[in-house]
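Taking the form predicted alone, here's one chain by itself in structure tokens.
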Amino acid sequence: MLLNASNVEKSFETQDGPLPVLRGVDLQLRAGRKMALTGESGSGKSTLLHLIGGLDHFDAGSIEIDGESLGDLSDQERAQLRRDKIGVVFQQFNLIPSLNVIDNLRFHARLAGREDRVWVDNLATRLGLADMLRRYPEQLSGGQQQRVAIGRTLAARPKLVLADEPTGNLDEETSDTVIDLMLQLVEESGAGLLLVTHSMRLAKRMDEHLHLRAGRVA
């Protein structure tokens, strides 16, 4: 099992006391499988994604990625796990403005010590970026920036890809193009994909579907 989350709980402190966001969530994902994570705003989708990515700490339960228990890892070890095994695609593209397209594409792979120039060149071509490698993020459209963000994530060949509304800022036609490319490339790489989305149309394209309601699996 690539990802195994069991009875995960998370609350945030407020002026009125703890606010429960996740209330005992279970989730399992095998390598090579694609799962949609849906739910209304405030249902805990993004929180769960951040916990799985080791970007925040859960209060109770367990999360294992490729056999490693996040609860047993230090912050430094969590960061190492993200570099080694996890790729994250956010709704906000989070490209590095001082780096051009090719250097943004190579960035995560270099950090992980797994830069493969042939694979990066292949990604650039498949994502329609081959003619704009020397451009900077500010010179790209939203769809082009999102393609760079996806390419940067996949360049490091992660075992698990986490995507949080990756096309939420794009029009429907551009969104479909970007999603088609991402799903194809994820499938070819053999990675597992956990995709947060509000789109039931997109959710139906995944192998599995998990719906959250008020912090619980519905």
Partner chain sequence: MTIRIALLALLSHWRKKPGQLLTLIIGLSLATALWSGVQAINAEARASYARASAILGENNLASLVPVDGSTLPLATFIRLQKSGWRTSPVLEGRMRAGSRSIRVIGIEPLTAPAGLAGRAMEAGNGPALNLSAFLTRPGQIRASQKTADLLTDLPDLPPMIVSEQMSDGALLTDIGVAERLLKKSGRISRLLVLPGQRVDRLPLSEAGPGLKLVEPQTESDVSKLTDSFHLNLTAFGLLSFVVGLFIVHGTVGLAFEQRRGMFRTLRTMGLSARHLTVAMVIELLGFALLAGSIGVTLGYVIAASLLPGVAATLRGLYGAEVAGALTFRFEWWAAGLVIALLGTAIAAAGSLLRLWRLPILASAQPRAWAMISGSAMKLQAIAALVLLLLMAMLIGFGSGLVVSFAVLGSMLLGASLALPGLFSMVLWLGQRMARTPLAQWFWADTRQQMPGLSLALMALLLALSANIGVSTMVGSFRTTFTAWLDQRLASEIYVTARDEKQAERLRAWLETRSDAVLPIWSVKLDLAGQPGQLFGIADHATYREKWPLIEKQSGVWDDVAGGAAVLVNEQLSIREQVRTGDLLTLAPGRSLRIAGIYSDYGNPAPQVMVSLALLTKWYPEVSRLRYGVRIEPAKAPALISEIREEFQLDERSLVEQATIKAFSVRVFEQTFAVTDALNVLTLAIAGFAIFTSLLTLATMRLPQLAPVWAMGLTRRKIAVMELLRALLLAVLTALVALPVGLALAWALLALVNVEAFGWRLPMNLFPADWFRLGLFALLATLLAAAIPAWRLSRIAPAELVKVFTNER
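Residue numbers count along the first chain shown, from 1. As the structure is a computational prediction, the values presented were derived from the model and not from experiment.
We do not show the form predicted together with its partner chain, though everything after this point is about it.
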property: Non-hydrogen atom contact residue 56 with its partner chain in the predicted complex at 4.5 angstroms; result: yes
property: Contact test in the predicted complex: residue 88 vs its partner chain, heavy atoms, 4.5 Å; result: yes
property: Touches its partner chain in the predicted complex: residue 126 (any heavy atom, 4.5 Å); result: no
property: Proximity of residue 107 to its partner chain in the predicted complex, heavy atoms at 4.5 Å; result: yes
property: Within 4.5 Å of its partner chain in the predicted complex: residues from 139 to 166 (heavy atom criterion); result: 152
